[in-house]
Every structure is written in C-alpha cells, then in structure tokens.
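Taken one at a time, structure 1 and structure 2 that follow are two forms of one protein chain, written as structure tokens.
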Structure 1
Amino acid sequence: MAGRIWVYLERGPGGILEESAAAVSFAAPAAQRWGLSLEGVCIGGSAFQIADAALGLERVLHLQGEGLEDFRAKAYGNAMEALMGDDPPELIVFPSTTQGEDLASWIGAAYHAGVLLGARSIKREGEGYVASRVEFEGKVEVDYLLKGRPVCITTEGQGPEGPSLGSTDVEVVAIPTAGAAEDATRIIHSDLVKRTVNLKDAKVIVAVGAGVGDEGTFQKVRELADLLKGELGATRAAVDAGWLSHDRQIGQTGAKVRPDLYVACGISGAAQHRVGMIESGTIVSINIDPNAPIFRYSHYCIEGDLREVVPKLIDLLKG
C-alpha cells in the first residue's frame, strides 16, 4: 500500500483538535500534487467524534484497544507501529502539539526515518523530502533533507488555516489493536482545563512579563488591552507567577502568535519568548531597562516604568 500520506488526528474533549485540522490542510495540497492518498489516523475515543470532523480525508483509520483512551507515548507509538508494520506511509504529518511532537519523534526513531518539528513547508527531492523550518528567532528559513520511511513532521505552530470542523461523510475504519496497553506508566486521574482563548487568532495582543510587578499595574495592563480590543498574553515567568493561565503563554513552550500589534509590558525578551512573537506585525515594548533585549526586536521602544507609562497610554486612548 505505497503512495500514502497520513495525518495524525489528536483528540480533545470536544472531538478532533483544530491543530489537527491545520495539519490536514498542510498535507492536502502535497497529497494532491504528488498523487498520493490522504488518510487520517486517530487513536482511542469514539467513532462518533471522529466522524464529526470534516477534514477532507479519504478515510480515517481508527485504532481501538485496551489502554488507548488516555495518551501515553509508548502505548500510542506501539499502536501506530502495529498498524504500519513493514509498510509504513511515505509521510506522516502530526499537529503542532506536545502529543504530536512526542509521537513524531517516537515513530521516526522506531523506523530510523527523518523527523522535523515545526515544518513550514515540504517538497520531494530524490528519494527523500526537503522540509523547511524557521530558525534563529525568525531570521532564517532552513531546509532539511529527510530520508527514510515514514518521514515525520509536525506543522509550524500557527500553521495554515484548517478546514471547518462540521459534519461530513468521512469513512471511518475501526481497527482493533492488541498489546498497546503494556506500559510503565498508568493514568490514574486527569483534569482537562477548557481553553479560554485562542491567541493565534488575535489581531492585537498585550503581553505581560515578570516585570508587571503588582496587581495594580496588572489591572492597568488589562485595561490597556481592553481599550485596544486585544487579548492578554504572558511570558512563562508571568504564568508561573500566577498573573495569567497557561493558555495565554506565548513562546517556545506556549503559543506562537502573529498579531498585527504586539505590546510587550515588562518583558525582558528572552529567546524562549521571542520565538513565539517575533513575526508580529508591529511590536511595541515598554521596559524600564534601556538594555532589555526586547528593544532590539521592537519597532517602537518605550523606556520607562510600567506604572507611569501604561496609565499615560490609557489616557491617550481615551483621549
């Protein structure tokens, strides 16, 4: 069964994740261009949830078996290996999620095939694939030659716009999988926190760092975001300090965003944060430190204390 591209469909509380839809929209043009079939692979969950995802796939392979309800890298990796056997697809596209990155790395290692996390584009070249990824904080786009089978990639964080998640008549093939339950870990209990915001769609983001300092200043930053009709974002340090929840974290371990306007309040500009916002349209930074690294990447720099600068900006906007 050669000539296939698989897309991993990650499940969430409400069905297939939007990140998986973006992965399908990434893979679909390539499958059409190269004359390959496009199939989805989902592990665990109900067939009803999968059938509700209008993803433009020829069919969905639904792996079912003991121990597959909750994600564990070994169990899910073994299930995918059992499905592929000695005849894996040419390419597997995973969503840009922690689970997607775990499985891409697992399958690549198991089959000694090329893996690239955060691919922006992909093309065929000889007996392999060339995938590109943006490196050095958005300054350079680097091509990587990936060989072996199956080549595994995750899509770039933002990704192209995915298809809608409405109903469709996608064929779902249930495939019993045995032996996947053996694992050194066991899920005892899990709490899923509902995501309250999608920063990737925000046109304006006002982000806070550890330098926000106190509750009064934070509330002023919130007021500024409201006046700009924007969303609040945060660095990891600000999330760890309890100013905002993890779904508003921006950076290497959070969301990668591209708003039209990004206002950085009390953010030093560490590389881990910059990779998440460096492609913003206009970057305005407010920092009391004239040597803050964020200033080197900003279009407009305001050197000053947030407690003084933000209220003045609010007055100007209310003007």
Structure 2
Amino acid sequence: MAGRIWVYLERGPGGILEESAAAVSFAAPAAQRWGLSLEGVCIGGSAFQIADAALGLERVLHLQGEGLEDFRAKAYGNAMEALMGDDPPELIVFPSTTQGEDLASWIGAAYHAGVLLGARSIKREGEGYVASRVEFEGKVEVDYLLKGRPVCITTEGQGPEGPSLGSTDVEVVAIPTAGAAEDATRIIHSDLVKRTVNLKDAKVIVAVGAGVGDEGTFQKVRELADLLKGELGATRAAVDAGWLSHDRQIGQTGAKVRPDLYVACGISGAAQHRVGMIESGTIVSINIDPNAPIFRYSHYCIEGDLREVVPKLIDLLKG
C-alpha cells in the first residue's frame, strides 16, 4: 500500500478548527512532493461539519461510535490506535492544540515512534523525518530526527496558500469504532466561547497586561483602544485575572498577531507573550518598570504609570 499522511481534523464549537485546516495546508505540499496520499481523520461529530474543512484531502476517515462525542484523551487515543492497527500511516500531523499535544504524545508512546510538538518544518530523510522547532525563546532552531511509524507532529504552520475553509465534495468514510467505553472520564460541564474576534486581521491592537490593576484603568485602556480604532488584546495573566476573554489572548497559547501598531499596556514581555506579537509593525509599550523586558522589543518605550500615561494619551488624541 502506498504511503500516506494523516491530518487530525479537530472539532470545535464552530465546526472543524481553522488550525486543522492550516495543518492540512501544511501537509499538502509535503504529501505531493513525497508521492504520499493525504487523508483526514475526524473523531465524533457529524459528517456535515467535516465537509467544511477538508479541502486538499483525498478522503476523510470519520470515526463514529458511542462515547466519541467529547474529547477524552484515552478514548480518542484508543480509537486512533484501533483504526491504525499494525498499519499506521507514515506521518500524522496534528494542530498545535491541547488535543493535538495529547494525541500526538499518546500515539508516539503506543507505537514507540518519534514525536515533535510545535514543529515548524518537516522533511523526509532516509528512514525517518527531520522536523525543526524554535526553542530558546525564539533564538535557536533545533533539528530533530524522528523515526518509527507513525511519526507524530503538531504544528502551527501552514502551507503557502494558507488554510482553506469551504465546502468540498471530499469522500467521507464512516468507520464505526468501539472501545471508547474503556475511558470512564466524563465531561461534566463545558464553558467554551466561540471565537468572536479575529485579532489576526486587526490593524491596531491595544493589549492589556496584569499591570492594569483596577477597573478604572482598564476602562481607560478600552477608551484608548477605541480612539486608536484598535481591538483589545490581552496577555494570559490578564485573561486569568478576568479582564478579557480567552479569545483575546495573544501569545504561545493564544493568537499570533502582526498589526501595524501594537500598544502594550502593563505587559512585562514574557517570551510566551512575545511570540504572539513580535512581528507587529510598530510596538509601543507603557510600563512602570524601566527594566521591563518588553522595552527590549519596543520602538517606543514609555516609562510611566498607566494610570497617568493613558489618560494623557486619551486627552492628546481627543484634543
């Protein structure tokens, strides 16, 4: 049987995740170059949802069965193992998500095969694959040799064409799957928001960090964002503190943005935040600490207290 590559099609509240469509576009040129077929794997959900994100795939294997509606690591891992048996694909590409990390690692352990979470590139070499990843806070790229079968990677990368979401006539093969019952983990309650903003398209972003401190200052920063015709973004610390919802988080576990103007308000500039915003056109940061790391990554470094600086900026913009 000719070699094949699988892409994991992850379902979210609004259908197949765009991250999975991006993973398809990442894998497609590689499959073509290596003469491998490219198939999608989706677990649970309805076939209707799948058709929306399967552009570029030869077919989609859709695992269906009791207990596969909600993601549970062992149930989904077992289902994929049952599907592969002793004839796994050469390579499985997962989106860089919590599910992708769980499953890529799970299957790598099951088959004693190479894994790399967060791969940036992949090429075939001899018996295995060489995949690279960025480490040391963006300063070094590391090459990993991945052996065995199936090699499992997660990636945030995408192909030159980018993800294409849209209806297509891909063949969806329904595969009845049992075994999920072995995982007695139960989802009691989910509180998920559908993404309401697309920060990727924003020209101006005003981002809020833990330094905002109080409601009054937060409202001032919001006013500043309005005046700059910008979207509000946030660090993880600001999201955890409840200032903004998760869909506005920027960074390693949030959106990667590149607006023309990025204004960082009370943000220290941790590496996990930087990876999401360092490619912005012009970066302005306001911080009370003259040694805040964010200043090393800013064009304009405003030293001062947000409670003073933001109202002044508002007055100047209104004036």
Ligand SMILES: Cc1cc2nc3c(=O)[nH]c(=O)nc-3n(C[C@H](O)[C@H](O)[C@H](O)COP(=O)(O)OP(=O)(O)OC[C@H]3O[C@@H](n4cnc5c(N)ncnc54)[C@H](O)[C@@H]3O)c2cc1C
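By rigid core we mean the largest C-alpha set that fits within 1.5 Å across both forms. All of these numbers come straight from a predicted model, not from anything done at the bench. Numbering for residues begins at 1 and runs along the sequence of structure 1.
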property: Which of the two shown is the form predicted alone; result: 1
property: C-alpha of Gly254 off by 2 Å or more between structure 1 and structure 2 on rigid core; result: yes
property: Core-aligned C-alpha movement of Val284 between structure 1 and structure 2 reaching 2 Å; result: yes
property: Leu36 C-alpha moves between structure 1 and structure 2 by 2 Å or more, core aligned; result: no
